[in-house]
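So this first bit is one chain, no partners, the form predicted alone, shown in structure tokens.
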């Protein structure tokens, strides 16, 4: 399942639905990313732009690769776009596998891809204006361990 949406979602309900479809799974790993605002860098919103069809296709390809590479039973990704405020969920990755290590590795692989190569563009909105979010070297390093 791949969902690219500008609508809010309930992370718990999404996980319950995903797990209920796979009673053969021995492990489930879920990661939910949320908009954060820190005292050092307060933001009023995070604005994510994308072309939903492109994002759907790109993420579907990496999902297929993760399922094959880690022998996952299933994997699901929901990613939002639009204007989100601090505390709101941005995205959720869920993996199911016969055993925990595959589920953890599959989820990390998907997260590392989403942080670096998924076709989303981010802007941070602050009280003084809006600026684009730059790529982080640490994210590229995390992704490169899978190559």
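Bear in mind the structure is a predicted one, so any value in this text is a computation, not a measurement. Numbering follows the first chain given and starts at 1.
The same protein has a further form, the form predicted in complex with another copy of the chain, not shown here; the description that follows concerns it.
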query	finding
In the model of the complex, residue 127 touching another copy of the chain (heavy atom, 4.5 Å)	no
Close approach of residue 67 to another copy of the chain in the model of the complex, 4.5 Å, heavy atom	no
Contact label in the model of the complex: residue 63 to another copy of the chain, heavy atom within 4.5 Å	no
In the model of the complex, residue 32 touching another copy of the chain (heavy atom, 4.5 Å)	yes
Contacts with another copy of the chain in the model of the complex, stretch 98-128 (heavy atom within 4.5 Å)	98, 99, 100, 101, 104, 107, 108, 111, 112, 115
